[in-house]
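Next comes just one chain, in structure tokens: the form predicted alone.
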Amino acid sequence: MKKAAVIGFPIKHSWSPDIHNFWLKSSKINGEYKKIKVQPEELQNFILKAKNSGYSGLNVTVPYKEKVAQICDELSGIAIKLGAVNLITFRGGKIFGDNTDGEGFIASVLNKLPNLSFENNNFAILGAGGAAKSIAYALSERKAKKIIIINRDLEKAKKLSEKIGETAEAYSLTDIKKGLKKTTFLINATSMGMAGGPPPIKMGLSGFPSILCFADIVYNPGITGFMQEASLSGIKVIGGIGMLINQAAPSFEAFYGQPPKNPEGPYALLENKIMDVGND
């Protein structure tokens, strides 16, 4: 039986097992996928133990995407650029790291906005960690007009914007209003608003008429505080479920040797889950 899991700290919020186990069942594969909370001091030993105990691989969520990149023996091209990993596979006794977050995000946005012009939009990203990096690089690859990084730690935001190049700018969270002035598409790439995570800040989005769309990578709860504020401000909202599903599909293929047979199936499953936990 092929085994895989998602690791993080916290991990209670993760719905990755719902997706992978749905695909395992619909694809009639003898496999398992679970979520495992790993303490920071146990991270490296856990990954080494998983490699030697029959796991095909692991998904990685907050706060380990950057730390895991340093543990891997080999990295894909995009993982090297990002310095962040959300997918580990074990190959020939080696730990191989990849990152599917950025392309998962782009696919989720294009599912909702198929005619979106990246070249005509200014994208602001809250955060400068692993997920923010992957999204920023994916936007840069699509020639986004401007990429604005807003982060609590200004130096971290500057470092990411420098890597992206001349189309990028950096602002501290205390200067968020300056960053949002130019924004047409806002993205939360932090854990703010996540179940078990820090609460979302108040952004005063009604004061920024240029913002036409808000996307949250948080998917649990299904409707976050940021999404509520954006909706009340008349801004189109995209939740995190699409990114979660789209970044999971290449992981599933890597773990179990074939693509999912019903890639769209988990949407209905997770929408029902949202209703069950009172987020409809």
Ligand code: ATR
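Start at 1 and count along the sequence shown; that's the residue number. Quick caveat, the model's predicted, so the values are computed rather than measured.
This protein has a second form, the form predicted together with this ligand, left out of what is shown; the following refers to that one.
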Can we say Lys146, Lys178 and Thr183 each have a non-hydrogen atom within 4.5 Å of this ligand in the model of the complex? no
Would you mind picking the one in Pro198, Gly204, Gly165, Pro209 that has a heavy atom within 4.5 Å of this ligand in the model of the complex? Pro198
Within 4.5 Å of this ligand in the model of the complex, heavy atoms considered, which of Leu139, Leu87, Ala131, Ala124? Ala131
Within 4.5 Å of this ligand in the model of the complex, heavy atom basis, the matching stretch of 151-159, 79-87, 92-100, 105-113 is 151-159
Give a yes or no for Ala189: in the model of the complex, does one of its heavy atoms lie within 4.5 Å of a heavy atom belonging to this ligand? yes
Does Leu173 reach this ligand in the model of the complex, with heavy atoms at most 4.5 Å apart? yes
